[in-house]
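Read on for two forms of one protein chain; each stands alone as structure tokens, with the labels structure 1 and structure 2.
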Structure 1
């Protein structure tokens, strides 16, 4: 069984983001990690391989330096990785670049996290499944196999949905589907020798003309604390402040 895993490189949650004048992110000093939701997808792929055999291949779109981050995925146990080098990483471009390359593969399952922690966009799994014309099951918390079907469990409000699809299929997983393993020393050493194919994207301009810029949120004003020891006076102050803010 061949399992593809989509991985996005994201900022470490403790990283301090600094913007340049061009409203682009300054990469100096930033620590990058594998999107935590994609780590659940890697772990699930490894468990499926351990049960049924086969190969786990990581796919990613991003900067060339992402190769360092993808080594962490190989250290977890993936067999190899493919990095599509692209300066543009909006959902439309990423989905099209992935589709162009994945159509050359024979696979049973594509796994990914259902969302990325940096942009909370959650568009790539759906866009990619449409481009590849394969079924998508989103926010999955359990995967089983029976009679050549992939059985996916999704948690709803006080319910559990059970959806059966035929491979090949796109499955986006949710937190709680498993507990990702830690890389062993042996796997870390082996990861240095594993294959990462660099695919240079030369037609970004033809794919998409979206330009992404960033801005920091406005600094919140300090809250007002009103002395409540004299309720009548406190109410009058509150009403006055609400009128000044044009709430009343």
Structure 2
């Protein structure tokens, strides 16, 4: 089985965001990680390969330097990686670039995280599946195989939907699907020798039909801290305040 895994490089979750100006985030000294949801996708791909054999290929769109981050994916056990180098990484551009390159591949499954923790967009899986004209099961917490079908548990609002699709298909995974492994020393060493193909994108048309600016959240003014050594007293103050704030 050939499995493609879409991986996005994101800021580490501990990162403090600093703005250079209202249009640009300062990325000096930032630590980068694989988007945590994509880690679940890599793990799931490895498990499928362990069961059925095959190949796991990482696909990513991003800056040239994200090669370093992608190596971490190879260290987990993926076979190789392809990095489409692009300055623009909005959902529309990324989906288009991925589609252009993936149409040239033979594959059974594309796996990805359902959302990226940086842009909070959750659009690429849907857009890419439309462009490739393959089914997408979104926000998946379990994958099974039965005959030639893929059976997914998709998270609904208070429900679990059981969805059946046939390969080639795309599955965007949700936390809960697995517990990602840690890289072994052997795999880290091997990853250094694994291949990362660089694909330079020519697609740089700037459509700019919308205007995006950034703003840091207002710093919250300090809250009221209540000493809880006398629970009754503390609770009464709290309830009084919540009533005044009209949330009770």
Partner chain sequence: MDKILVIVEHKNGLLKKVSQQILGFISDFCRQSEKKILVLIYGEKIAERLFEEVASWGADEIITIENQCFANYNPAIFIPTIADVIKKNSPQLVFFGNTAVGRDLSPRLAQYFNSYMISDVIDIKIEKDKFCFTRPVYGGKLFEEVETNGELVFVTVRPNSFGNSVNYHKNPHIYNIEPKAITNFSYMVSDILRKESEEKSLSEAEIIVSGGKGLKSAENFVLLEELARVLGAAVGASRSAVDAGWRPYSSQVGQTGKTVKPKLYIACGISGAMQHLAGMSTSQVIVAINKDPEAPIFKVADYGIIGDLFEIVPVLTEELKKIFKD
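Keep in mind that what you see is a predicted model, and the values were worked out from it rather than measured. Take the two forms, superpose them, and find the largest set of C-alpha atoms that agree within 1.5 Å; that set is the rigid core. Positions refer to the first chain, counted from 1.
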### Message
I want to make sure I have the labels right. Is the form predicted together with the partner chain structure 1, or is it structure 2?
### Response
2
### Exceeds or equals 2 Å, Cα of residue 223 between structures 1 and 2, core fit
yes
### Task
Tell me, please, whether between structures 1 and 2 the C-alpha of residue 155 is shifted by 2 Å or more, with the rigid core used for superposition.
yes
### Task
For residue 232, give the CA shift between structures 1 and 2 in Å, the superposition being done on the rigid core.
20.6
